[in-house]
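Shown next as structure tokens: one chain only, the form predicted alone.
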């Protein structure tokens, strides 16, 4: 049996692939890796299909023992990767013999690392995906010490050799477009462009931000809103005026106004935004109502 065993899971390690889009009508979020390019890159490095399931590690700490020979790669922010007592580095394919232990350190910047194994994590899929959804609790439970993860057959094609990692910046500029309720807010473009801070209450469901509260226009100050559909990247504004940016495990509907929507290209950077990260929203559009 091709498999790897979890020796230590670290703070939070989840099996993730590219998610299960298309089930919002059932109340199921899309889920999947928050930093999609990082997971795809890890899979390419070990010769997998880009959609293969890997492990998303929150702040490192993951240790895996190979039950068979296999190739691994770790991507995301730069991070220390060791095989037994040997430093092998991230962002490159590394061969493991049966019995060897691979360990991922804590990244100096960013938040989430991705580990791919040749053949991919081959646990049973739910609704077409092997991803863990922390909101609906669909998919495999967070990894625990002693878990054995089966692997699929390795690809006959080789992967990439090595790539340069990118360092997560201390301040993010996130591109957005107006949301369906942008007209509810006064001076919205200027308000979003101010500096916000990612709080410790953030998770895979969404980033909670602290900063200068956004305010509604007078005619919308007391307006109630029926629940509306939500997209990944929706910037929802609760009564506090402090935005929540929804990520892959977001609810499929919500009753607070969505002021803006993050462009898809900016979503991976949000996956690496640790608490304390500074963030500004930017849009070049002139479609803002106020």
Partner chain sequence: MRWRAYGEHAALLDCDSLPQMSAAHATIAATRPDGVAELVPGAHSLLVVETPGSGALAAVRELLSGADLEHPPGGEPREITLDVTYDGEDLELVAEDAGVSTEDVVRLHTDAVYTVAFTGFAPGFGYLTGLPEPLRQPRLPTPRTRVPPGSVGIAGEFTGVYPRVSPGGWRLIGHTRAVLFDPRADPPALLAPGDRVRFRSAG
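Residue numbers count along the first chain shown, from 1. Not measured: the values here are computed from a predicted model.
Another form, the form predicted together with the partner chain, is not on view; read the next lines as being about it.
*Asks:* Only one of 191 to 199, 79 to 87, 171 to 179, 96 to 104 gets a heavy atom within 4.5 Å of the partner chain in the model of the complex; which is it?
*Replies:* Answer to the contact question: 171 to 179.
*Asks:* Does the trio 3, 61 and 69 actually contact the partner chain in the model of the complex, every residue with a heavy atom within 4.5 Å?
*Replies:* Heavy-atom distance to the partner chain in the model of the complex: none of the three under 4.5 Å.
*Asks:* Would you check, heavy atoms only and a 4.5 Å threshold, whether residue 124 touches the partner chain in the model of the complex?
*Replies:* Judged by the heavy-atom cut-off of 4.5 Å, residue 124 is in contact with the partner chain in the model of the complex.
*Asks:* Considering only heavy atoms, tell me if residue 231 and the partner chain come within 4.5 Å of each other in the model of the complex.
*Replies:* Yes - in the model of the complex, heavy atoms of residue 231 and the partner chain come within 4.5 Å of each other.
*Asks:* Decide whether residue 65 counts as a contact residue for the partner chain in the model of the complex under a heavy atom distance cut-off of 4.5 Å.
*Replies:* Residue 65: no contact with the partner chain in the model of the complex.
*Asks:* Although the partner isn't part of this model, could you tell me whether residue 240 comes within 4.5 Å of the partner chain in the model of the complex, counting any heavy atom of the residue?
*Replies:* Outside the cut-off, so no.
*Asks:* Heavy atom within 4.5 Å of the partner chain in the model of the complex: which residues of 239 to 277 meet that condition, in order?
*Replies:* 252, 253, 258, 261, 262, 263, 264 sit within 4.5 Å of the partner.
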